[in-house]
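Next up: a single chain in structure tokens, the form predicted on its own.
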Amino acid sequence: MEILKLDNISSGYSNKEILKNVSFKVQRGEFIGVIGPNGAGKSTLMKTVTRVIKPFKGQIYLNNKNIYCFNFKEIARRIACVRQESFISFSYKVRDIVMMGRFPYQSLLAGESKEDVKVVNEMLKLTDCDKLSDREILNLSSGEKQRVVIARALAQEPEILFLDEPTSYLDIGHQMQIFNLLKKLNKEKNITIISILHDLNLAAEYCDKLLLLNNGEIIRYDLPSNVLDYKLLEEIYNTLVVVKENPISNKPYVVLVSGNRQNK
């Protein structure tokens, strides 16, 4: 079932067009990776779909309804976002941070409901943050903080979870923990996940499909095995690569080759 559709979207900032005639569909429950070189339009795509910026032209449909027909709280109940700059600089307890994700369901005058507490407890447990709930977030490791930020997004009970480079500041162990968690949420909760990624091998290992952007245009949108073609990657990223098959998962993985195109 189709959950998200972009139809001929052009978007950008002021009068500068970044995305150019972008059209694609996402099915409910898919795990989509958005890849491409710096400046390809990945973050602009995320900001456009989450209504941070308004497209110059084209339509975005959420559950077959124009996304601008929803009010702010209605959108927040359907789409949650974990941005690259999501780390929190003020000292609140973990439980209080996650409770902030319940804002779409609360009024200004009402306090926390029993349902709010129930959902927060569930998301704390689901993200393995329940043991951290009474700790101040500034005292946590980077991996722990990222799990808390994801728990806060999940407290919105979204249908779609957008992430912008969710593991960019994490070591390889924490990267695997976060992506194993995301895959678990994707499968068990049927949450549609769309994540911007620079690591092509993480993208290949965890995503159902990859959307390759360059210069604001979709170059290819397909299975990882059909997107991670070495000729295409060399052209887009202007570097030498070898694409092999992971002997454990049978997914493609990309190996960089030292040297430059002139020495090929």
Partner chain sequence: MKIKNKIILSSIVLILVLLIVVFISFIAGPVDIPFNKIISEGIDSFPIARLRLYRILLAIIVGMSLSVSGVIFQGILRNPLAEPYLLGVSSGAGFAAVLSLTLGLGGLTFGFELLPVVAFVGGFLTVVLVYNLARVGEKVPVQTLLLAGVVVGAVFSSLIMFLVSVSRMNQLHSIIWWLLGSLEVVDKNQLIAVSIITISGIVFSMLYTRELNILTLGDEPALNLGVNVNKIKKIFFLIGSLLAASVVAVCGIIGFVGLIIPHIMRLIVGPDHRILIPVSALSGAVFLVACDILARNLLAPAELPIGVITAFLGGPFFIFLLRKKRRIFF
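Numbering follows the first chain given and starts at 1. Treat the numbers as computed from the prediction; the structure is a model and nothing was measured.
Only in words, not in the display: the form predicted in complex with the partner chain, which the text now covers.
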Decide whether residue 136 counts as a contact residue for the partner chain in the predicted bound form under a heavy atom distance cut-off of 4.5 Å. yes
According to a 4.5 angstroms non-hydrogen atom cut-off, is residue 128 in contact with the partner chain in the predicted bound form? no
Is residue 152 close to the partner chain in the predicted bound form, meaning a heavy atom pair under 4.5 Å apart or at it? yes
Does any part of residue 110 reach within 4.5 Å of the partner chain in the predicted bound form? Heavy atoms only, please. yes
Three-residue site 92, 101 and 104 fully in contact with the partner chain in the predicted bound form at 4.5 Å by heavy atom: yes
Checking 191, 181, 132, 81 against the partner chain in the predicted bound form, the residue with a non-hydrogen atom inside 4.5 angstroms turns out to be 81
119, 160, 76, 185: which sits within 4.5 Å of the partner chain in the predicted bound form by any heavy atom? 76
Could you tell me which of 51-59, 30-38, 203-211, 232-240 sits within 4.5 Å of the partner chain in the predicted bound form, going by non-hydrogen atoms? 51-59
